[in-house]
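Only one chain comes next, encoded as structure tokens, the form predicted on its own.
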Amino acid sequence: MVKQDTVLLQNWLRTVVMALGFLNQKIGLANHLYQVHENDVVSNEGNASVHARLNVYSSGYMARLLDCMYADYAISKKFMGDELFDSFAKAYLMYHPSTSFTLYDLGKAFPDFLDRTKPQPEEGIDNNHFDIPATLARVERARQVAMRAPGIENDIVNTNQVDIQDMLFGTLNISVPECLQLLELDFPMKRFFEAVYREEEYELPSSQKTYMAISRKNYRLVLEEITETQYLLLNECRKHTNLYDAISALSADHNISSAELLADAFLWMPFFRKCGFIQVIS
């Protein structure tokens, strides 16, 4: 074993641990980049070979990343099963290595990865169920974001107290919490998601355009399916500080009667506030 520069050794070992490929490929890349050989930097004393010693670090790093994926996508793992989930998660980690200071960002692109790597549809056969894992993972990721982002906490205001005059004259000031996640999905996922989470019997959902809102109110996560108009209105509320302006903008952009929107919004507000989708600012 030859004495080497500490920084060089750190970079060499980091390549062995984090580079793509099998262990032999990683070692070969590290040796090429830093012009050293594994026998020169790793002790060969004792029963364990050089490669066995390096594999402890390389496989241990991957195992830690997999543990993070298990935690972030526990419901998807239940649905897909351990073996299938592992195969997709390992492939994902190979092509999306950790690049952030926080492992929370590690699985961010996993739903899109599942969408890109799903089996190709066969002509004349309904393969819509191949889209379910990516959709389920998308809901699960949104749930994680809602859990961590700032929400509406300690709000004990009576949710029925919304003055129609404030809505009509643009004086009902609102804010949308950072935790609100709005999803446009190809399947109705609420009942299916809850059944998988509780390990209850379920049927695979049929393809249907669905809208979902996920938020947190007083430290409680809320997951609800909403209408398309409610989805559009909540998106518009992010751009405005009062509800009337949001309604007016939605009316103009989508050619919807502002009077009808006002009437509907007045009925929806107690539900929105109860679920933590919108907060009224006094």
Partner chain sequence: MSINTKLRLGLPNLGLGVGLRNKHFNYLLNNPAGVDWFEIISENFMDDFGFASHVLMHVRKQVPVVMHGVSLSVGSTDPLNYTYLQKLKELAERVEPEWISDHLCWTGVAYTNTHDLLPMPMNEESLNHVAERVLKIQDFLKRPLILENPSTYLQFKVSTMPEWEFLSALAKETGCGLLLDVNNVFVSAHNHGFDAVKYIDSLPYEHIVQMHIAGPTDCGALLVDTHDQPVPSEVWKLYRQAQQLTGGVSTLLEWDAKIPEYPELLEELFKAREVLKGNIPDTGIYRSPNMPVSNPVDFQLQASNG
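For clarity, every value in this text was computed on a predicted model and none was experimentally measured. Positions refer to the first chain, counted from 1.
We do not show the form predicted in complex with its partner chain, though everything after this point is about it.
- Proximity to its partner chain in the predicted complex, defined as a heavy atom within 4.5 Å, singles out one entry of A195, A91, A149, A109, which is A149.
- Within this chain, A71 lines the site of its partner chain in the predicted complex, having a heavy atom no more than 4.5 Å away.
- Put simply, K274 is far from its partner chain in the predicted complex: not one heavy atom of it is within 4.5 Å.
- Proximity of D40 to its partner chain in the predicted complex: non-hydrogen atoms within 4.5 Å are present.
- Its partner chain in the predicted complex is not approached by L33, whose heavy atoms all lie more than 4.5 angstroms from it.
- No residue in the set G81, L232 and H240 has a non-hydrogen atom no more than 4.5 Å from its partner chain in the predicted complex.
- Between 246 to 254, 224 to 232, 48 to 56, 23 to 31, the stretch whose residues reach within 4.5 angstroms of its partner chain in the predicted complex through a non-hydrogen atom is 48 to 56.
- Shown here without its partner chain, the chain has no residue in 222 to 260 lying with a heavy atom within 4.5 Å of that partner in the predicted complex.
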